[in-house]
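Coming up is one lone chain in structure tokens, specifically the form predicted alone.
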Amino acid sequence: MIEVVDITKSYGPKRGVFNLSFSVEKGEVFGFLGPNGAGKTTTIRQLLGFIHPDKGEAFVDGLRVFEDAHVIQQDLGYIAGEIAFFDHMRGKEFLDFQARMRNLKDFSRRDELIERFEFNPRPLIRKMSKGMKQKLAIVAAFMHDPSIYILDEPTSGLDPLMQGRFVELIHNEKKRGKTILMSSHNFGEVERTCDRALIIKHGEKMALENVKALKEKQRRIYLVSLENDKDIQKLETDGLEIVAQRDNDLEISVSGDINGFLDKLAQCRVKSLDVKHQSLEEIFMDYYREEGEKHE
């Protein structure tokens, strides 16, 4: 549904995107990750047909993004990373304006979204908070029930409750077969919604991973309290990775299958056992550093 083929848009050394390729399948939620300035918004603007690449090409539903932008945008939901509204309008006026542009006759979905996000559309947009403006952007992007969404930091400014409701909305859209490309800094959001995730740095692709597989690679830190020093020595000789120790309290790093670790622990006198899971953010940052070192 979305295909990017070797696009380059340069604004100078390490500014823009360079030889970037990826694709998003129908019904997939695709995470697009990277720090500020990595090239995420530049890529998204090219997918919307707002700017033309220096080289390469991109397609949405088989259509060329620049030549066919007017057709693509009829069945596309878009949230910009930097939202700009007509501040003199009220929220309701803006949504009515969007509905007229899209020839929208059925407002039931709009009303459902307003209720879901507890959005009051009556105030002037210029008097709305950042969170209220973000809710307005979500309603405008989703109310015409498009088949493809391109979302640039869609939950920016939302409180945790509304972020949770947005995640529920994404799950619902995925079940309905919608295709979603989502740029986000919220790794919890990515972990809960995305099938695959692409991470870029300085406009170049660093990694493209299946999120489920990444979660399975999570390194766990087990907090183990032992009764005696002999058991500590035993665990050390068994080759376990002890990352920290204070008296008889250990932090042991375990990746992948934990059965071997549990077998070794069963041979010791354990007073207590707890676990800390590595977050998806930590996994990506580890990957980011490793790949960065390879490119330098």
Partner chain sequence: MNKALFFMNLKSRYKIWIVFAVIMAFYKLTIITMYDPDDIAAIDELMRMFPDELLQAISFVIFDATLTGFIGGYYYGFIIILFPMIFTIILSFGLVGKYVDDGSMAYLLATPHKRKRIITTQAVFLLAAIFTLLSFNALFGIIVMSAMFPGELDIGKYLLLNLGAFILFFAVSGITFFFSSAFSESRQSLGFAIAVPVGFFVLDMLAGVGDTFEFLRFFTIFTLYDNAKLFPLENIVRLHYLILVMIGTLFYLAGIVVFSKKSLTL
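From a predicted model like this one, the values you see are computed outputs, not experimental measurements. Residue numbers count along the first chain shown, from 1.
A second form of this protein, the form predicted in complex with its partner chain, is not displayed here; the remarks below concern that form.
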Does any part of residue 184 reach within 4.5 Å of its partner chain in the model of the complex? Heavy atoms only, please. no
Contact test in the model of the complex: residue 213 vs its partner chain, heavy atoms, 4.5 Å: no
For residue 102, is any heavy atom within 4.5 Å of its partner chain in the model of the complex, or not? yes
Residue-level question: is residue 86 within 4.5 Å of its partner chain in the model of the complex, judged on heavy atoms? yes
Of 165-173, 75-83, 189-197, 115-123, the segment with heavy atoms within 4.5 Å of its partner chain in the model of the complex is residues 75-83
Which of these residues, 206, 221, 137, 158, gets a heavy atom within 4.5 Å of its partner chain in the model of the complex? 137
Can you pick out, from 244, 51, 270, 262, the residue that has a heavy atom within 4.5 Å of its partner chain in the model of the complex? 51
